[in-house]
Each structure stands twice: as C-alpha cells, then as structure tokens.
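We begin with a single chain expressed as structure tokens, specifically the form predicted on its own.
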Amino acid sequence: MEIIHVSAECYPVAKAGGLGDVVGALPKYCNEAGAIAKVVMPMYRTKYLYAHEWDVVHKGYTHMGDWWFPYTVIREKTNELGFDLYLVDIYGLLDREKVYGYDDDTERFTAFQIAVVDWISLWKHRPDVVHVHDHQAALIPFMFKYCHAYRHLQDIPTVLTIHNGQYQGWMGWDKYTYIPAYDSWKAGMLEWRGTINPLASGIKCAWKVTTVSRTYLDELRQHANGLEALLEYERGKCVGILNGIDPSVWDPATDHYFSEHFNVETVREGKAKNKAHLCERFQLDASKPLITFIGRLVGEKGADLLPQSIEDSFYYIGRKMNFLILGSGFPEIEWRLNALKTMARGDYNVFIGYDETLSHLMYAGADFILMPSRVEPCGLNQMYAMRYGTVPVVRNTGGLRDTVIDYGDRHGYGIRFEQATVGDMTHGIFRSVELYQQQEKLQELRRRMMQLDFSWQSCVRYYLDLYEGLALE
C-alpha cells in the first residue's frame, strides 16, 4: 500500500511546530509496519537541502490563474529518514529559508499544491492514499474531485489531518482563479462563511478527516474558529488519533544533545547531573525544584500568563522554586519575561529564541514543565518531558487531557489544572513545589511516566487501519 503525505513541514528538513515532527515520523513507522509511505513538501532553502544529495525526478509546467510557471521535483538519494522524501521547487515562491511568514503565503502554498497534483496526475500508477496535512495542503482533495484537468484522480482516497484548526488559509473570492478550472456548480465546496476556506474545503472533500487527539476532535465541535457546524455535520467521517513521538530521537539513555545519560533505573542521578549543568549555566539554585516552559511565546500556548504567574508564585508561595523559560514569539511577552530578570535572585532566567540542544537538556534536567495552553490539539512537549522523567503541569485540554493523568488520581503521574488563568497555573506551581518535597513520591512518578508508551509504534496501526479501509472502498 502506497501512501503519499503532502505537508508544508517535515522534521528535520523544515519545522515550525508539531506538524513537522509528525510528518517526519509517521511515514517512517508506516514503512516499518510494511506500507510504502512517502513525503512531498516545498523545497525551502534550508541547511538540510544543502547538506544532502538529490536526484531530479520530474520537471513540469503548469499555471496558477494567468501565471504559468515551471516546477521541479527532486528526491533525497539516501533515504536516510526512513522514507522517500520529495521536494517541489517553484522559483520565486518556495526558494526561501523560512516556512511561513511571507505576504504571499497564499500564492506560495496554492502553487505548491497545484504542482503536486499536476505531478501526481502524470504518474503511470496511482497511489493508494494521499494524506494531506493542515490548510497548506487541504485544497488537494477538491482538485482531485472537481478540477477538470485532474478528474481522473477522483478515485484516489484522500485523508486530511487537522493539526491546528485555528489556521485555515482563508483567501478572498478575487483569488478564485488561482485554483485550476473547476465545475462552477461546485464552488460551494470551496466556500465557508463568504470566503474561500482551504481547511473547510478539505473537510468537505477528503474521504476521511483526522485530528491529532480524541479530545481535540470533541473540542473542535465547540471551538473551531468558525468551523464548528461543519465539523458537527461531517462528524461521521472524522476520527481522533493521538500523535506519537519518535523514541529513537527522544531517549534519555542515548540522546546526543547531552552527555549525562540515564534510564528508568538511574533517573534520580541522571536528572540531578543535568539539572546541575542547567543551573550552573543559568545561575539558578540546584537545591530548588526547576520549573520550565519550552515553546512559542504566544497566547495560544498561554505564554502571556507566565510573567504574572511567576511573580505571583514568588509572592504567595515564596522563593522556593526556579523558573527557566525557553522560547520566542510575541515581542510584548518576550519583553515582560526579560524584565523579570531584574527581580531574579538566582531563581529565574529566560532564553529568548530556540535552541534544540538546550531544549533536550531542559527536558533531561528539569523537574517540571509548564503547559498552560489555551489550545493544544495534541501536544508533544508533555510526551517528551515524561520520557525524560519530567513531570508535566498542564491545562486540562486537548491532547494534554488525553496523555496526562493527575497524580492525585489512581495511577496518575502529572499535574493538571482546569483554566488558562494566572490563578489556576499558580496553584499548579504550588502543587509542583509540594510534590518536590516528597522525593520518594516524585521518584515513583518519574519511573511510572518513563515507562509509558507514547511511541509511534503504538499508534501507527490506527492510521494503517484507516488507510486499508479506504483502499477497500
């Protein structure tokens, strides 16, 4: 069975968030299970591109509206990622370093999708399933079904995965000519609330729709940035499948980003050594619990709550803990977190930016990780943290709800709070400090969470069953 994944991101080629991690791992584990999974993505000018060798497999010519453009498809030679990786190059649109953030992102990703469909339309065989990810690839099911030039692809099953339903790729009807000529009676399959909405179109046209956790699917029916009614109507073809993590990358016993390795038997000593390195580097007190935050400094992640929660924790709980923040995002949040350094007494620091090496060391050395997300479709940080014996302190939402059981419940191992508020997060911090005083209990929880199985091997079967069911229809 051949599955083609189409995505804007794929780790380690180009990654802006969890989408990249998923597309970089799911195909590999599908292949290990006996399928043939491949990835197609844009040819950004990243370090990965220049560090590897490529074969040109196709050169084509197509158009977006009145603009005709050539495109090139290349394939990575070594198959080092565990799957065939194809990059699509469109001069003037995709030949840039960053994944997102350009004024012409609508044109960039629409042209990318047209090129992908045009290339697949020329294949001598048909893939069994085309799996598209988020709005940057969500117009492909529509093109397969309704664009005149590609109607011969309409029998290929398509799957759309919603990694984050807040971003939908809206475009005005003045850009309808971007999409290859289609039956005008089917314009409603592109439209939602008066605009062209690629994510809504994907939900309507894909054979199956998946979300990255079961709880997130339920939440989207209540809070989907305007798509609630559509998701309720299409609920019969929607399924929630929890993401996994790659245990070959995220393993404290072999992680090449730090030297003090440990396993479930040596977690106490191993974490203490890594914590000592962190505390020395950031002038923190290693005798106190180390509470961290790793991620984008944006409202969606609840990062705007961090400065006041840290101040309130010092005021109401006392200076009984360390805080270490790693991330970048909204300038105002960055400024407020930097400003907190002036009140630090060897118990607070922040690194603005992103550093992969530092993130791994923080997972290994931290005692707790904060995730006060307002929206968290799946969440991977809490899975990484538990793999490294770091207790997650999370808001009870989305994939966080599906993966973290409060230690106050039977067989629990984490800390949950209900609302994305300063008060609730501060109470979660208080419980963290309280748990840290119970060292034997903390070590028991560490050992318990490190033995949980959040690997892709445990969840890839759900995807394969989905693909096989579609292939038989």
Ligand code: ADP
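None of the values given here were measured: they were computed from a predicted structure. Start at 1 with the first residue shown and count on from there.
This next part talks about the form predicted together with the named molecule, which is not shown.
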Next item on the list: Consider residue 190 of the chain shown here, and say whether it contacts the named molecule in the model of the complex, taking contact as heavy atoms within 4.5 Å.
Entry: no
Next item on the list: Would you check, heavy atoms only and a 4.5 Å threshold, whether residue 235 touches the named molecule in the model of the complex?
Entry: no
Notebook entry, point to check: Taking the shortest heavy atom distance, is residue 363 within 4.5 Å of the named molecule in the model of the complex?
Noted result: yes
Check: Might residue 353 be said to contact the named molecule in the model of the complex, defining contact as any heavy atom within 4.5 Å?
Finding: yes
Check: Want to guess which of 202-210, 321-329, 335-343, 91-99 is within 4.5 Å of the named molecule in the model of the complex, heavy atoms only?
Finding: 321-329
Next item on the list: Counting non-hydrogen atoms within 4.5 angstroms of the named molecule in the model of the complex, say which of 296, 277, 175, 186 makes the cut.
Entry: 296
Notebook entry, point to check: Between the options 258, 119, 170, 250, which residue brings a heavy atom to within 4.5 Å of the named molecule in the model of the complex?
Noted result: 250
Note to self: Do any residues of 1-37 have a non-hydrogen atom within 4.5 angstroms of the named molecule in the model of the complex? If so, which ones, in sequence order?
What the structure shows: 15, 17, 18, 19, 21
